[in-house]
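A single chain, nothing else alongside it, follows as structure tokens in the form predicted on its own.
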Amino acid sequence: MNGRHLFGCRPALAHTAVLALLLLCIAALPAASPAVPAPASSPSPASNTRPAVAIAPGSSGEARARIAELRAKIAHHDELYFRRAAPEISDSAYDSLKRELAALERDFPSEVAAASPGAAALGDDRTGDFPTWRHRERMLGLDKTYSKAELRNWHRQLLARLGHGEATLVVEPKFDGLAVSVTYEHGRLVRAVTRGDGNEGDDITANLSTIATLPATLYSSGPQDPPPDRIELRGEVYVSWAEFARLNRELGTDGEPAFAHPRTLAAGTAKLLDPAEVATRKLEVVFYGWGACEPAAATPASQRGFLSQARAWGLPTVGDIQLAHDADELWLAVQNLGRLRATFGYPADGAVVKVDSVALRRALGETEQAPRWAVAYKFAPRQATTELRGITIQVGRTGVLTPVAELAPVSIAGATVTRATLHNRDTIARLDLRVGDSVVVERAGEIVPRIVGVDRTRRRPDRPPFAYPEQCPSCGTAVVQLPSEAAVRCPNSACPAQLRRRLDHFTGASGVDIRDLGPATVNTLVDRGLVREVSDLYRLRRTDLTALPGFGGPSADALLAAIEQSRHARLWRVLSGLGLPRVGVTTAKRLALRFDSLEGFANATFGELLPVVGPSTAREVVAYLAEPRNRASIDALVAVRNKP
């Protein structure tokens, strides 16, 4: 779905003669059923080049209805993808919709204007929460290819336009993140803007300024080699696999839903309203192109020249590039990147092919949506089909109910997959998942397993829909869903499952670090009613512990000593362990520098928090502290920490 590399996001695909032939050859569907099931329902990994529906020539009314339907669907998914960073279908499913729409609009041009309008061709990531800034040079998208035949066809068309038989091509990994344009004036960073609608985007300079690898000033070797007066650098903000795994480990420890993909994590983080919170997640940026450049004489002469110059300026740039001079070399280079991507420390969902020479680029020109001198090749997702054996509901420390798919073991990309996150109730409803179904599982970015489709042809007619619990499976309290959230929650903060997760978090490595207290012991303490609040840990007696299964005198003494030592843990550990909204280790350390005690923090005002954490986090923390049960819990913890 991304398609964002050199200039922008998700362009419409340049269609090939092969696709047109398929459209004409496939039998038309009955008039009463103009659409096939959604791509997510495919029983097996579907070919990315196959149209989702065939409409007979001359069926203008049917084509008009399908065009309108596709435009509405794409507009819906663009809203989720670009503005909310919360896509609900896979990239391949989205691309299938776009390809089908483009084919219909080409084959039925008279119906294009008659059908209802849809989303902008390039999408639009502006949220309305940031000031906007107009790009000096428009950010375009990239056409996409999905097969060897399509890539070779693009290459043939390229050479035909050039009128000669060779052009040096640069093949780069296609980063999977948020497209941005960063402007430097006289070597100083002045602005960072998202792609937006291609003409203007959101100004997220404050957020991107938190990226450690984004230099505030470009390096210059001397007065004879200054940076351009002004240059728009095009790149991608992303989250590395290591950081993605770290943040998901924290969520998993707390029983909270994991981030679905590094791309959505990067896009969502870059659009947060609080730069202090952005700083707690290690965003990274890479540059692989440019827009406006002044003076014109400073414009790079080639892609390789640009990458070399950007590195000299101290900018992070694309590595692992390949060169190709003909169609055979091009295919080998793309395939080689496909093999290498498993070793990359960043998410890459394809390869980008660019003409190296800027002079040839100018000769080739561009369309309204994409340059003619570049194309993306999308790697096929790694998928497998298996049985959905059950759906488990987990309750996190904040009360969020997270469904998890229990799967018959299946191997995907060298790893055995037995579970997959389902994120929330809406995901189950959208896929219409039922226990016993044959499901298509994909490893998102080669790491996170997710269900992307259901083979309904193999479903028994008596198999009932999954009944999402209306009561918390741990405490029986009626669950709630806020209008602004997709998550379903248990509102009972005394819920045993929430308490266990809170204790695990408080005593873990990012909290007060009581290493002798494992999850099994926490469960036993909660089940026996010995611990109902975090502060109860510090009231445990030796006789309480020796009465527990597997505890003798020495192990009880060791645990009590570890708990006593944690009573004097540094303030940042306590604040981090409390699991305050939007407060991780980094933010907790900043808060600890501002407030000299837990009691002082508990009485903090919005104005006192604002310079430390920003407005969004400050509001949530104040609201948390104002909740009577939370305040009582913190007061009890203050009392036991102050106990001599």
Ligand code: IVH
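One-based numbering along the sequence shown. Everything numeric here is computed off the predicted structure, so don't read it as measured data.
If you look for the form predicted together with ligand IVH, you will not find it shown, but the lines that follow are about it.
- Taking the partner from elsewhere, L140 is found to have a heavy atom lying within 4.5 Å of ligand IVH in the predicted bound form.
- Within this chain, P371 lines the site of ligand IVH in the predicted bound form, having a heavy atom no more than 4.5 Å away.
- Heavy atoms of E236 reach within 4.5 Å of ligand IVH in the predicted bound form, making it an interface residue.
- At least one heavy atom of P173 is located within 4.5 Å of ligand IVH in the predicted bound form.
- Proximity to ligand IVH in the predicted bound form, defined as a heavy atom within 4.5 Å, singles out one entry of Y377, Y288, F244, F506, which is Y288.
- Proximity to ligand IVH in the predicted bound form, taken as a non-hydrogen atom within 4.5 angstroms, holds for one residue of V452, V534, A179, I231, which is A179.
- Remark: of stretches 407 to 415, 568 to 576, 128 to 136, 350 to 358, the one touching ligand IVH in the predicted bound form is 350 to 358 (heavy atom within 4.5 Å).
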